[in-house]
Ligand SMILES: NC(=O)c1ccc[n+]([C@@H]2O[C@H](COP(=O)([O-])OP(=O)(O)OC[C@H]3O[C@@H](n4cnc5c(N)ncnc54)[C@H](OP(=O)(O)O)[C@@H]3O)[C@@H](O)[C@H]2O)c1
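Just the one chain here, laid out as structure tokens, in the form predicted alone.
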Amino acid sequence: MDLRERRVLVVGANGVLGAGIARALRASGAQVIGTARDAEGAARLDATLDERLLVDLTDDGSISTLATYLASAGRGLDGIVNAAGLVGFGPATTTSASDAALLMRVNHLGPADLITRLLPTLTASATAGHQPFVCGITGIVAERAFPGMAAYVASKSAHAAWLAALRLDVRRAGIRVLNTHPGHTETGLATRAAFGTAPRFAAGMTPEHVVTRIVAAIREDATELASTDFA
């Protein structure tokens, strides 16, 4: 697809992958709306973004406010990239229900709510011939489980399954759904875990490599990037 003049929302544009994707999309000619969770995160949003907004994926009201604003702005929306995420560590036997619920909320339920609320706007984009898309980053953990990451694996797997079903639900509306499964990437996310201690990981991929592959997939009209596609 041609990204020139397309308006794309990047959720989590203050993070390493989100910021890189936002920069790459802008370099391709897209207009990029970037979000952060709070004022502290917003301070890390690139000043060159076309718009900088807030959304807290744990807060129904925050999600509703952002979706209402984007739907009523009158400028349309042609794509959504969800680059927000939260990790936690610990085996299933010791992970609390509240910790597991937090990851499920941030990694699946919140993004799913936001995307669903924005589907009418993407449908309008399809009607205008703009080839709208939704892009998720569910990672290798949505392909296979790992020990000591039960809640994280569950939340990412849930979102991957939801994206697969969404793809079927919206294909006749002309909305493309892309799910990507990069392996361990050196973003520093593991050092910012919501709970638990990260295991020792082997050296991961560079964020630049992952960003390049994801943005290429967006441009190439792909619908799935397996972990092996990042090799």
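Residue indices: 1-based, along the sequence shown. These numbers come from a predicted model, not from an experiment.
Not on display, but discussed next: the form predicted together with the ligand.
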Review point. Honest question, do R26, G29 and H130 all end up within 4.5 Å of the ligand in the predicted complex by heavy atom distance?
Key: no
Any non-hydrogen atom of A83 within 4.5 angstroms of the ligand in the predicted complex: yes
**Prompt:** Counting only non-hydrogen atoms and a 4.5 angstroms cut-off, does V106 reach the ligand in the predicted complex?
**Reply:** yes
Exercise. Does the ligand get within 4.5 angstroms of any non-hydrogen atom of V177 in the predicted complex?
Worked result: no
query = Using 4.5 Å between non-hydrogen atoms, is G183 touching the ligand in the predicted complex?
reply = yes
Taking the ligand in the predicted complex and a 4.5 Å non-hydrogen atom cutoff, the residues of 44-66 making contact are R44, V55, D56, L57, T58
